[in-house]
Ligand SMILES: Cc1cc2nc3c(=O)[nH]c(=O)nc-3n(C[C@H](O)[C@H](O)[C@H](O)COP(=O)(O)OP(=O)(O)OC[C@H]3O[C@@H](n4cnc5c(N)ncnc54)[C@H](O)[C@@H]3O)c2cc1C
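Take a look at this single chain, the form predicted on its own, given in structure tokens.
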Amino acid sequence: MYGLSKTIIISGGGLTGLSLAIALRINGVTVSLHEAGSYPRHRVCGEFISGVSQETLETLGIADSLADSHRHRSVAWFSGNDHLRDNILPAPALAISRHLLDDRLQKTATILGVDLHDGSRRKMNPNAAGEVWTAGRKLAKGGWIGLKAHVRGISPKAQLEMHGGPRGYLGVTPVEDGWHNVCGLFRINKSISARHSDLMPAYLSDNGNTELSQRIAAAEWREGSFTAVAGFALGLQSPTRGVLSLGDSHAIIPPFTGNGMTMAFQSAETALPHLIAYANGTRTWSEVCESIQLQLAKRFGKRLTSAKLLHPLLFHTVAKPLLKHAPLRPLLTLLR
């Protein structure tokens, strides 16, 4: 089923861009994909995929790349140094590093014939037919900093540890080869003078997670895995008129939900049939963009609104009793 007439150009080779490119090629669409960085690479990401269906992965043609992911169900919740509770997720969550997954996906895309250009940073081209923007977060004034690394030797108490406090939270989960992903979101504190990898223990201590801070500082760190990002806003991203944005370029859900990677895949899945219709000439680009935007709003509206309402509570005085006593399943339903 190869050789549909119109080419789709994708700017951004993260999860949304790569999975969309793979799915389009499987359906016979010519694809040009541009990624500013190079593979493999580490990204600020919880590497914990909660709520994605096997059907979505198979529709995108990426199920094999995730087949050997860890499947986690146990969760331990902490506030400061206090262990509040343990839970079992209603369905297993997948855990795999972006370093491995992105590399697998770009190799699959290349084998399928995607015209992939790494080290290629494209500019937005509003109103350009057939161009999709999946280049991640849009620069914005925000008071958050995201920190991530892979470490060994920290002896977690569950397959996912969630550590909260008044200024942020951090998750710990095993990925491949004995490494644990440690990834957190914190309110920026300009009084913290630490730099580079010392930032994570410093922010954890500032957040009251002193025991975890000491465990992470003393652990073995995977070379090159520490990454940090700031200058972004959570929720719906500021739209650029005439640009079809997907994935984090469209919306960033707060990471406590464990749903960010899932939304990347679902965003690609939502857009897929419309982009195929454009490529084979049965729909115009303006019709396709309008349909995709409406379906993204329908698919993600409830969970983005719920996450926006719940997120501030994690830093409120009610956070500790909420984390200790709130029923898990109804909350997950709101965030899926």
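If you're wondering where the values come from, they're calculated on a predicted model, not measured in any experiment. Heads up: residue numbers just count along the shown sequence, starting at 1.
Absent from the display: the form predicted together with the ligand. The rest refers to it.
The contact with the ligand in the model of the complex, taken as any heavy atom within 4.5 Å, belongs to 185 out of 116, 185, 216, 149. Out of the listed residues 110, 120, 189, 210, 120 is the one that sits within 4.5 Å of the ligand in the model of the complex by at least one heavy atom. For the marked spot (78, 156 and 165), a heavy atom within 4.5 Å of the ligand in the model of the complex is absent from each of the three residues. Within 4.5 Å of any heavy atom of the ligand in the model of the complex lies no heavy atom of residue 179. When contacts are judged by a 4.5 Å heavy atom cut-off, residue 43 counts as touching the ligand in the model of the complex. The ligand is not shown here, but in the model of the complex it comes within 4.5 Å of a heavy atom of residue 136. Among heavy atoms of residue 262, some come within 4.5 Å of the ligand in the model of the complex. Contact with the ligand in the model of the complex, judged as any non-hydrogen atom within 4.5 angstroms, is confined among 59 to 67, 305 to 313, 287 to 295, 33 to 41 to 33 to 41. Residues 11, 12, 13, 14, 15, 16, 17, 34 of 8 to 34 are found to place at least one heavy atom within 4.5 Å of the ligand in the model of the complex.
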